[in-house]
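Shown below, as structure tokens, is a lone chain in the form predicted alone; questions about how it binds or moves come after it.
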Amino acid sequence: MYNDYMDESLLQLNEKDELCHLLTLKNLDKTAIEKILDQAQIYTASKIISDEERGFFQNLTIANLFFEPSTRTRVSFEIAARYLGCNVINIDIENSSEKKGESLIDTAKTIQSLGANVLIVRHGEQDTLKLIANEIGEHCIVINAGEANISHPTQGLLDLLTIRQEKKSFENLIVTIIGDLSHSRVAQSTAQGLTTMGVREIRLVSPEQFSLDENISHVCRSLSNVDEGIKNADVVMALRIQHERINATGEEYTTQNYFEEFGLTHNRMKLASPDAIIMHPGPMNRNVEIESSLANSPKSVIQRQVANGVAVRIAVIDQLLKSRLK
């Protein structure tokens, strides 16, 4: 039974403490994260599944319900579902009954009643995923594809997978995240996952107006000096300035001089560990948050992040459906 008072970290677990939805990485234990990463790693090598596996998935339906723009996340979820052999429905929000005044919950209930086994949701308002899971979670799996500025668990997982592939272990790593932290759901989920996996330190670097109001975890340290943040870092991730959220909240900020003050450049990367990797969740604004040639350099694993998104989402859909239906 799903209760209104439950937070997402409890709501996504069943009576056996098994993952039944994916709503957040907050408080998700190391074993659960490793299980997803291990399976995703297998899918990075081969996405071929057996006829028996395909038979299990072929009559199951995945519905993508995106209330905000998306390229990487929506397409990779669709590709992941099709690799498994699932039916895929992409809901056209612009032409849906929401435009006629239908509530979000009624829309979700309708899609579930039509036979969707998994509802993948991106929404700009906080607590949306919790609300949907409360209402239909006993009948339909709910996966968070990005919620407000607070969480994006599959992006966090693909970031973790990419780091593990490059660094082999999370132990003793220094990870620096630079940019618009206050509007970034990616930063929060990735930092939550990194904390669980045992990194040494997470440095959160941003202009004062883009800093986080609260500390994500005990290994996070907030800084405003980019050079200090990058020094000896093993992983450096740049974030874009999210103008759409800044505009939505009435804040004002100009990108003038941002690259000079906070942009990730070849020269600044000289301060990092010699084998440091460069990450970016996308979409990139080249020569604003990251020097264009640096994004294409051997240190960059940005395209691998994109590719890993498919493998992670296959693993998530696979595990949740089998947990629910087998």
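Note that this is a predicted model, so its numbers are computed, not measured. We number the residues from 1 along the sequence you see.
Quick note: we don't show the form predicted together with a further copy of the same chain, though the next part is all about it.
Visitor: Out of the stretches listed (72 to 80, 147 to 155, 202 to 210, 120 to 128), which one is close to a further copy of the same chain in the predicted complex, meaning heavy atoms within 4.5 Å?
Guide: In short, 72 to 80.
Visitor: Only one of Q165, N215, N87, S224 comes within 4.5 Å of a further copy of the same chain in the predicted complex by heavy atoms, so just point that one out.
Guide: Filtering the options by heavy-atom distance leaves N87.
Visitor: S273, N27, Q41, N296: which sits within 4.5 Å of a further copy of the same chain in the predicted complex by any heavy atom?
Guide: Of the listed residues, the single hit is N296.
Visitor: Could you confirm whether V219 comes within 4.5 Å of a further copy of the same chain in the predicted complex, counting heavy atoms only?
Guide: Although a further copy of the same chain is absent here, V219 would stay clear of it in the predicted complex, with no heavy atoms inside 4.5 Å.
Visitor: Please tell me whether any heavy atom belonging to K109 falls inside 4.5 Å of a heavy atom of a further copy of the same chain, as the geometry stands in the predicted complex.
Guide: Taking the distances in the predicted complex, the answer for K109 is yes, it comes within 4.5 Å of a further copy of the same chain.
Visitor: I'd like to check something about L19: if you look in the predicted complex, is any of its heavy atoms closer than or equal to 4.5 Å to a heavy atom of a further copy of the same chain?
Guide: Judged by the heavy-atom cut-off of 4.5 Å, L19 is well away from a further copy of the same chain in the predicted complex.
Visitor: Using a 4.5 Å heavy atom cut-off, state whether I91 contacts a further copy of the same chain in the predicted complex.
Guide: Yes.
Visitor: Heavy atoms within 4.5 Å of a further copy of the same chain in the predicted complex is the criterion; list the residues of 17 to 44 that meet it.
Guide: Nothing in the stretch sits within 4.5 Å of the partner.
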